[in-house]
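Listed next as structure tokens is one chain, alone, in the form predicted on its own.
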């Protein structure tokens, strides 16, 4: 308890890292829920790695054109990285969605290839950038160490905008994701709402990767939503359970990592995996008990 109080203290040295992790923990599952509804789980795996490739390219591009990065501020580097991340993520989403609509090839194969190539390419590019030692390689490995006030403010503002749009238009986005045929029957602009969802997904993934790295981004995009899907009976419950689980796991994971000197990213993801395993076991027990009770009622 003493360690937890220390982490939550306003004077805690890594307080910005704690706040950012909690923000990502609450926000990412809300966007990831739409990936689960659309059965695009593999896209949730590939996108954070593709986003990290955008970060690597954006940070290394000035060196390729002979521009020195020695005079760059951390804020300008963050802005450049964010632009590269968003561009790569949105392009990847549009290309993968287009190929899926055309029905060409195996979707899982494309996403798996994109994930592996993007992960390897990110490390190769940054390994040739001497300024990567300033923390970007650590970030891509899931090390959440120092986050500036500017980074925290940018993350909070952008994620707040994403959550606001989700709150205003969640009915349309859910309808398009859950029952496209009904959306067409009701004359909803399916293409427009797809674009809105892709933009929200791209911004969220890019911010999460820049803030906490691709490892945590993937974990919080999908695992809380998959766990919540086992118990939720309504869409409102689905979003609420996923977001609360993500927020709790981010705080608990940071506490475990700080107390036992583990990397934050792997600690968060392993904890999410434990929660998902426990949820799956509990769901099976509930299913078996309810099935047994229903059979007894028939007799």
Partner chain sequence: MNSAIITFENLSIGYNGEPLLRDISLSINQGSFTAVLGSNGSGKSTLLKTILGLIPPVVGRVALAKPSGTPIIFGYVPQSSALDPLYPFTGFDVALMGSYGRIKPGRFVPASEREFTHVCLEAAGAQGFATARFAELSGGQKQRVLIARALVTQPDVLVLDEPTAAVDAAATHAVLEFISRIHREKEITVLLVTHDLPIVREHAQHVVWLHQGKVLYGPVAEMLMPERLASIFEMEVG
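Everything numeric in this text was worked out from a predicted model, so none of it was measured. Positions refer to the first chain, counted from 1.
One more form of this protein, predicted together with its partner chain, exists but is not displayed; see below.
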Exercise. Is residue 115 close enough to touch its partner chain in the predicted bound form, meaning at least one heavy atom pair within 4.5 Å?
Worked result: no
Exercise. Is there a non-hydrogen atom of residue 182 within 4.5 angstroms of a non-hydrogen atom of its partner chain in the predicted bound form?
Worked result: yes
For this session: Mark residue 172 yes when one of its heavy atoms lies within 4.5 Å of a heavy atom of its partner chain in the predicted bound form, and no otherwise.
Result: yes
Exercise. So in the predicted bound form, does residue 178 come within 4.5 Å of its partner chain, heavy atom to heavy atom?
Worked result: yes
Problem set entry | Stretch in contact in the predicted bound form with its partner chain, which is absent here, among 261 to 269, 32 to 40, 52 to 60, 241 to 249 (heavy atoms within 4.5 Å) | 32 to 40
Exercise. So which residues in 226 to 248, when you check its partner chain in the predicted bound form, have a heavy atom no farther than 4.5 Å from it?
Worked result: 229, 232, 233, 234, 235, 238
